[in-house]
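Here's a solo chain for you in structure tokens, the form predicted on its own.
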Amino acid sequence: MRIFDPHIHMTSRTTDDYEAMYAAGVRAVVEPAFWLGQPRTSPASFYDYFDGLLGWEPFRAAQYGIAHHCTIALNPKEANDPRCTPVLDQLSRYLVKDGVVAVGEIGYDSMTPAEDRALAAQLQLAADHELPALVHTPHRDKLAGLRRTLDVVAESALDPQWVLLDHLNETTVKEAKDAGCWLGFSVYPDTKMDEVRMVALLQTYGPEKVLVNSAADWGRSDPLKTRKVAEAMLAAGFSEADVDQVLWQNPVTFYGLSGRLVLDPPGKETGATHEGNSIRRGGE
């Protein structure tokens, strides 16, 4: 079984997670830029973070045979902080880099005017750079947030076929599907979705244009939730081809719109360590 986790925050995870993910069948991930929990106080901290997503995390993932890609953006929560919004003026220099397969996470947190402006501006950046967009739908007032998101997408230059609406659930999936967007579901302990609900939605709406992710981060989360969804699908009577479509082909197709996916397994690097340390230090 091959798995592509299309939304996971590996910056927050350990090398043990990479090992467990590889053993479970994960061979590729996309790590979206997001809020780190501690508010940033200047644009410079974003740039260091973006550099980590483009350099350190792909290197770290390669040690465990996993292809790492990322999305870059000013996240919705920090779009409300005037100390952070100058990042919008610098995004273009990151969006041209190899390994960046979408603009994201963008969207809504509290549905403020500042978030309206940041979402519209970043959808325009996606169109300008011919990249798809990963859109975070809010955790509160989900249906109202989805409808507001769809209005902004409709007013943008980006085709809905290039938009992935994430963190969907039973209240939002139909309108998202009717709008022609890709459908993202985060399977996460206690909140968002679980495996049983996810299988029920797949039985109702089918596997087309559906992406399932773990959204694993610094909270109570599980980077193996994608594998657990695959097992639940098989137990419910879905075919192996259905599982491959949802857990591999769909994320490959969506993020492949960027023209930047590199899915050849990087190969586990099991050679020399640095003074016994399990993470090599670059150089020769």
Partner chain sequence: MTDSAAELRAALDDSARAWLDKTLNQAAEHAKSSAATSGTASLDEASVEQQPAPALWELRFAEAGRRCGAAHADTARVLLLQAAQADLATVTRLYRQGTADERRAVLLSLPPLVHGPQALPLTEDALRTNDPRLVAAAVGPYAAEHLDAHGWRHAILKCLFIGVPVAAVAALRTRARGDAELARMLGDYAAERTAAGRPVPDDLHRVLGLTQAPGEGHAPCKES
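These numbers were taken from a predicted model, which means no experiment stands behind them. Residue numbers count along the first chain shown, from 1.
Form predicted together with its partner chain: not shown, discussed below.
J.: Could you tell me which one of 93, 117, 174, 83 places a heavy atom within 4.5 Å of its partner chain in the model of the complex?
T.: Selected residue: 93.
J.: Find the only residue in 128, 151, 170, 98 having a heavy atom within 4.5 Å of its partner chain in the model of the complex.
T.: Contact with its partner chain in the model of the complex is made by 98 alone.
J.: With the partner absent here, would 51, 56 and 260 each sit within 4.5 Å of its partner chain in the model of the complex, counting heavy atoms only?
T.: Yes.
J.: Pick the stretch from 120-128, 85-93, 187-195, 107-115 whose residues have a heavy atom within 4.5 Å of its partner chain in the model of the complex.
T.: Correct option: 85-93.
J.: Heavy atoms within 4.5 Å of its partner chain in the model of the complex is the criterion; list the residues of 159-195 that meet it.
T.: Counting only heavy atoms within 4.5 Å of its partner chain in the model of the complex, no residue of 159-195 makes contact.
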